[in-house]
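Next up: just one chain, as structure tokens, the form predicted alone.
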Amino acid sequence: MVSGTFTSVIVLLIILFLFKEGAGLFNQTPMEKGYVVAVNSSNPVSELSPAQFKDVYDGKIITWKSLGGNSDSIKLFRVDDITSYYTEEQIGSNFEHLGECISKLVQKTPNIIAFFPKEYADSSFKGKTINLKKITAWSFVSEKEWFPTAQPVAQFGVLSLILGTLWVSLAAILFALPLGLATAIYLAEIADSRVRNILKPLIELLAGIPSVVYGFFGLIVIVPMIKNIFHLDVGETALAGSIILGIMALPTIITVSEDALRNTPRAMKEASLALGASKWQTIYKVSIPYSASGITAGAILGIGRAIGETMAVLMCTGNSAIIPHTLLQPVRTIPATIAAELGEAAQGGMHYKALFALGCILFIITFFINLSVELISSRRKGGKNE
């Protein structure tokens, strides 16, 4: 009781800490601190999304009409551009007139959008500052671009990371579950004791191999093989990550499923055979249904291993934060993103909090997968009792 209570409290505290840090990201403006965006006072545009401002800054949006304004072209102004409009004497040797120059420039240029330090947008500033939309939970999970270190506005869109994680994990389970179940059936029902005593320790030994070793194997063997077979430019794809994750999940699925199958009462199997059923019919109609809960547990543990895996996926999937459309494209998963970027994120900053928010999403995905499998398992048990 003491051990269970202590473990439950620790897990609860970890979850609370994770969600507390992740929630700090929301309702913040993803702009670099101490800066503002301003336009001419006659400009009807008063609010931009982070993605819109980045497109303006990158030259992808060139007219105000695309932002809800007039048809004028957009003139982008940065502080470094001030010398193109005013002389050093007008600016001042110590930049004491810089704010006044920026104000005059914004006032006389109808199509300008200016990005400059907030200290120059004082009460005498003649332009209009634009609000950038704050980060919300919906924008966080629905935006497609993940670029948390972008300047001047960071991009926190995790849709590509979520889809990449699900894409790789589901493909890994589709590969591992049939193979693992078939191996478990062979070990539990068909193989003799000598073969079982050799194979089972070898399979369990696979679970002890470090994930980085699997990653090296995938990088040296699987990645070049996929590149050559499908004639790709690079072999680091979702398919490579799926195969490696499937191999890593196999020991768990095989071990748990084989133990569950071996727990099928011998009397039930003998009764089935006595009634005229073949060995394969007995396996299909008696052993597998009786062991469904144990096989489901093995599948849950395998899915958990696939979704939470970091190093092997980091090495084999290409780490490209794009929305995947096929398994032959590079992807980036949530665990790989956290592992690659957490060491470089400033503690307490938006990037740091965004990675914790990614951890919250990973927790929620795992929770719902476990919950759905448990519901399916309970329905099977209810139907069997009826």
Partner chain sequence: MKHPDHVKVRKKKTRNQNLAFVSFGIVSFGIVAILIVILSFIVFHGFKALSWDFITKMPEDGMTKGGIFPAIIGTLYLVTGSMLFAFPIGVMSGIYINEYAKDGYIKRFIQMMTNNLAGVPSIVFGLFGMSLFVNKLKFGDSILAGSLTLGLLALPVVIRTTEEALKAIDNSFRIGSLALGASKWQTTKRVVMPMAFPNVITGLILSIGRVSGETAPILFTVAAYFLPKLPHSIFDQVMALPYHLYVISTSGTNIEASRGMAYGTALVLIILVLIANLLANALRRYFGKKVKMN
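Numbering follows the first chain given and starts at 1. A quick note: this is a predicted structure, and the numbers were derived from the prediction, not measured.
The same protein also has a form predicted together with its partner chain, omitted here; what follows describes it.
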Sole residue of 174, 79, 179, 271 within 4.5 Å of its partner chain in the predicted complex, by heavy atom:
179
Single option in 136, 131, 149, 281 placed near its partner chain in the predicted complex, where near means a heavy atom within 4.5 Å:
281
Taking 4.5 angstroms as the heavy atom distance cut-off, pick the stretch from 136 to 144, 104 to 112, 192 to 200, 152 to 160 that is near its partner chain in the predicted complex.
192 to 200
Residue 339: heavy atom within 4.5 Å of its partner chain in the predicted complex?
yes
Does residue 214 reach its partner chain in the predicted complex if we count a contact as any heavy atom within 4.5 Å?
yes
Are any of the heavy atoms in residue 245 no more than 4.5 Å from a heavy atom of its partner chain in the predicted complex?
no
Is there a non-hydrogen atom of residue 185 within 4.5 angstroms of a non-hydrogen atom of its partner chain in the predicted complex?
yes
Would you say all of 255, 300 and 327 touch its partner chain in the predicted complex, counting a heavy atom within 4.5 Å as a touch?
no
From first to last in sequence, which residues of 207 to 231 have any non-hydrogen atom within 4.5 angstroms of its partner chain in the predicted complex?
208, 209, 210, 212, 213, 214, 216, 217, 219, 220, 221
